[in-house]
Structure formats: structure tokens, C-alpha cells
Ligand code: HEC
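Below sits a lone chain in C-alpha cells, taken as the form predicted on its own.
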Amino acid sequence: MIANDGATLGRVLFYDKNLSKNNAVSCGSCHQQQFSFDDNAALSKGFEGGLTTRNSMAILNVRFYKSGKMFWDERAATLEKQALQPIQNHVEMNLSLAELESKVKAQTYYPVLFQRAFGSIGIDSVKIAMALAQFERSIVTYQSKYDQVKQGLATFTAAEVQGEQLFLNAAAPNTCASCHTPPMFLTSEPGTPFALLDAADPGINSENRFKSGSLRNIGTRTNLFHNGSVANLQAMLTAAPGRPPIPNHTVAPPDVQNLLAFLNTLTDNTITTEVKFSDPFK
């Protein structure tokens, strides 16, 4: 469930650097609104400049993962369980739950926010996780050209039409849409053959597979896949000298531009500027 007061509290918590040991890092440090709640680096800087071991996954449309599992390796069963792990991670924010509760209680602006969200000024880590999850679930893209076309308010170009057909039908039955299912372009059942193989990171249950992220806003994001090693969408679709093609992602050269054209229709620029998702401390 998402309520305005709960999401509002979650928004403040999401951007509050008091949730880190040195008051220098927030959830929003690694999931930046201007980058579609992703980061523009392969690995993100956390507590005292330490680098995360995986790329920061964009948190767009997370409410639509039916399994509820979070992180690249799906180790968190729910978004609420995910929300507290970066706070406790010694590289990212480095707080114990007791320290987290103490620091949040020390901020004068929280009692009224917790009262509105939960009917009580009582503050604990369970409520903090619930509020963060509500805010994250509220971050949904629905104002892209793709959405306008499906509502009959716009029309695809010829290239975009061909790109959509490739996306839906090429290489059946293992099409792009198999793992990135419209309309949110995600799945809760990532398949092994589609992973970017990484000797240092075997992913979910050590099965060489990873969570399939939403392709919404993929055209504006960089440092793709779990280790951030793929520069951008063009690089993902195009084989390059010295770099083996990504399994089941590289397409025939004549098809690249059409597929790019379609995937760029998934960009919702409003998500990067809407005040309700922005940093309230600025």
C-alpha cells in the first residue's frame, strides 16, 4: 500500500544523510533522481568514499516486481527488507539499526512526519523501512512516448514500429520481452542464458543470473548490468572488438537503430524533475 503521508516520510528518509555514520551519504546519493534513480558510475561511492561491489540498480517501477525480491542477486525477500540493508552495510552507510533509530529520533522534523504516516510519533526501524518502501514504490514512469502511443495520444515512427516488433518477436521464444515484459518492461523470473557472465560474481544462488531491471528510461542511463561494465544501450546491443557480445542481447547490425529507436520511447523525462520525488533538503 502507498499513502501520501507514508511516501512523504519515505522521501525525507531517502534523502536524509543523517542515515549514514558520517552524515555524508543518503539513499539518494547512489539512486539519483537526475539519473532516473540510478547512478552515472559503474560502482557508487558510499561511507568514507568506499565503492559498492555492484552497480546501483535503478529503482524505477519496483512496485511491479511480482516476486518482491530485491537486489541484483534477489537476496532481499521484500522491498522493506531491502531498504535497511544499505543503511547497515559497512561500505554504504554503516549504521546499526539501533544507531539508525537513535539518529532519526534526534531530528526535530521526524515526529510530526511519523505521526501523519503511522498515527504515532514512535520511531523504529520497521516503520523506517515501511516508509522508505512506500516512497520507492511511488516512483513509477507513465509519461513516456510509449505510454502516449498506447493511449492513442501519439504515433510511433516507422523505425520505432520496427523496433517494437523486434523487441516482441525476434529470436522467439526467448524474445527481449521474455525478460523485460511490457508495459513496465521487467520480469520477476530472470533467466540464466541472458546474464552477463562474471567470474567474480555468480549472482542469484550462484547460478550466473541476475535480477532483470526495468528498461524504462534505459536510453538515458549508463553503466549497465550488475557490474556497470556496459557503457550504455548502444554498447549493449552492438558487438565490439575485444569485447564478447552479451549473451542474447546483441542484435544484427541492421536492426540496432530500429531497436534503439523503440527503446528510447520508454524514456519518461518527468521522473527526473518532479518535485514530489526530489530532495527536500535542497
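Sequential numbering from 1, following the sequence displayed. Note that this is a predicted model, so its numbers are computed, not measured.
Keep in mind the form predicted together with this ligand is missing from the figure; the text below concerns it.
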item	value
Contact label in the predicted bound form: Phe35 to this ligand, heavy atom within 4.5 Å	no
4.5 Å heavy atom contact, Asn248 and this ligand in the predicted bound form	yes
Heavy atom of Thr181 within 4.5 Å of this ligand in the predicted bound form	no
Contact label in the predicted bound form: Leu79 to this ligand, heavy atom within 4.5 Å	yes
The unique member of Arg75, Lys105, His90, Lys150 whose heavy atoms fall within 4.5 Å of this ligand in the predicted bound form	Arg75
Single option in Arg137, Lys145, Lys127, Lys211 placed near this ligand in the predicted bound form, where near means a heavy atom within 4.5 Å	Lys211
Option from 150 to 158, 114 to 122, 171 to 179, 137 to 145 whose residues, in the predicted bound form, bring a heavy atom within 4.5 Å of this ligand	171 to 179
Residues within stretch 53 to 68 having a non-hydrogen atom within 4.5 Å of this ligand in the predicted bound form	Arg54, Asn55, Ser56, Met57, Ile59, Val62
